[in-house]
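Shown next as structure tokens: one chain only, the form predicted on its own.
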Amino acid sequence: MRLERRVDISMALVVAAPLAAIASALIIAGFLIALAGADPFKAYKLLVVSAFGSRLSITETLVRATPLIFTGLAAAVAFRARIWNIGAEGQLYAGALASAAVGHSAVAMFPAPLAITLVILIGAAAGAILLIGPVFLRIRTGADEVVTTLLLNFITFLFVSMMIEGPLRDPDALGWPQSFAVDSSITLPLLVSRSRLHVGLLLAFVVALAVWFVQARTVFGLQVRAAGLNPEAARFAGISLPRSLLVVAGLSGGLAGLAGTIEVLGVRGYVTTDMSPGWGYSGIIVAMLGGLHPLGVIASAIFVALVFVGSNGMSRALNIPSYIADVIVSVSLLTMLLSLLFTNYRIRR
């Protein structure tokens, strides 16, 4: 038995791969739910109802999906160029901290639309810097960006903790470690009244469409794709790999920084060390489930948000561990990797 690369990959196979991966993950998790003494079919029904069964649950699921779209796009953009960005969590916190620092008072003198734009750009720039550095080291010294970006997550987290315990600490927080709140004039408007759903979701959709357009319809997108598929051939064709990689690094880090900025401006208003429940790492799963396609990232982010939000209601109703959500998402990644293998290769005797 051997694996043979497929010459032509049909669109039906590309679409079926993530669906088969998710179905397989749900089947595997279903056995674990049954071992916990619950009916898997009832559990999955409660999962969906808890995430989409009411106006509140729908808005909360979309609120949770918003940062996942940004971190998923960050991972997808980087992975397509073979930049293994494992630092989206740190880039998210960097963007959030930068936004809170300038959004407290520095931009209050500007009109609200301009101030919001400036804060978003500054947050994206903070995330971009955090990835451009490791990629520059890779280009110049061959340093593995998997290691450098992963370690930067911990460094950034400690730096954020130091800042919100020191210079940026809010004296009105009653001792709770959090940053100054951003000015109320630059918070993002709500999409649905009496909910937390804000226009950051629409911005996430627009950014995903923009990333798709750049990748599919521009010369730069073609160059990046060539650099990811075959760096030597791209170099022979006259593509500057260092320049392309640094631009992709800035784009990927900026998208992750946007996740933190949008969370600060749209939901929390300030930064805490528990602001992210692991959105940067979950973004890798979102990107893989979406097939590294910007539009697929939107669908996979909503699915992951559905699992995380719906698992709370399912857990309370059936008395099973809420950690089943992490199992479903993690197994989905493994099954997606396997489905990608059979999407690109077929078994031959």
Partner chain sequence: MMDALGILATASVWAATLRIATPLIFGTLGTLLCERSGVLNLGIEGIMTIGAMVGWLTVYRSGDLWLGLFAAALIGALFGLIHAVFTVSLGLSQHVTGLGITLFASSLAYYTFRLAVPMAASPPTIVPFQPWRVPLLSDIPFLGEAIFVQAAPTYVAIILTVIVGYVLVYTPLGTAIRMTGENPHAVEAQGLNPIRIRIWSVVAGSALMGMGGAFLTIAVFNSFFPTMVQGRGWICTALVVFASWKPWKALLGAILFGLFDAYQLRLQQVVAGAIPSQIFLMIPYVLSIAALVVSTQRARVPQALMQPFRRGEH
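Residue numbers count along the first chain shown, from 1. It should be emphasised that the depicted structure is a prediction, and the values quoted were computed from it without experimental measurement.
Separately, the form predicted in complex with the partner chain exists; it is not shown, and the next lines address it.
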Checklist entry - Looking at the partner-bound form in the predicted complex, is Tyr323 within 4.5 Å of the partner chain by any heavy atom? => result yes
Checklist entry - Going by a heavy atom distance of 4.5 Å, is Leu306 a contact of the partner chain in the predicted complex? => result no
Checklist entry - Using heavy atoms and a 4.5 Å limit, would one call Ile86 a contact residue for the partner chain in the predicted complex? => result yes
Checklist entry - Is Gly142 close to the partner chain in the predicted complex, meaning a heavy atom pair under 4.5 Å apart or at it? => result yes
Next on the checklist: Taking the partner chain in the predicted complex, would Leu151, Phe154 and Glu165 all count as contacting it (heavy atom within 4.5 Å)?
Outcome noted: yes
Checklist entry - Quick one: which of 58 to 66, 279 to 287, 39 to 47, 295 to 303 gets within 4.5 Å of the partner chain in the predicted complex, going by heavy atoms? => result 279 to 287
Checklist entry - Taking the partner chain in the predicted complex as the reference, which of Ser161, Ser185, Thr117, Ser195 has a non-hydrogen atom within 4.5 Å? => result Ser161
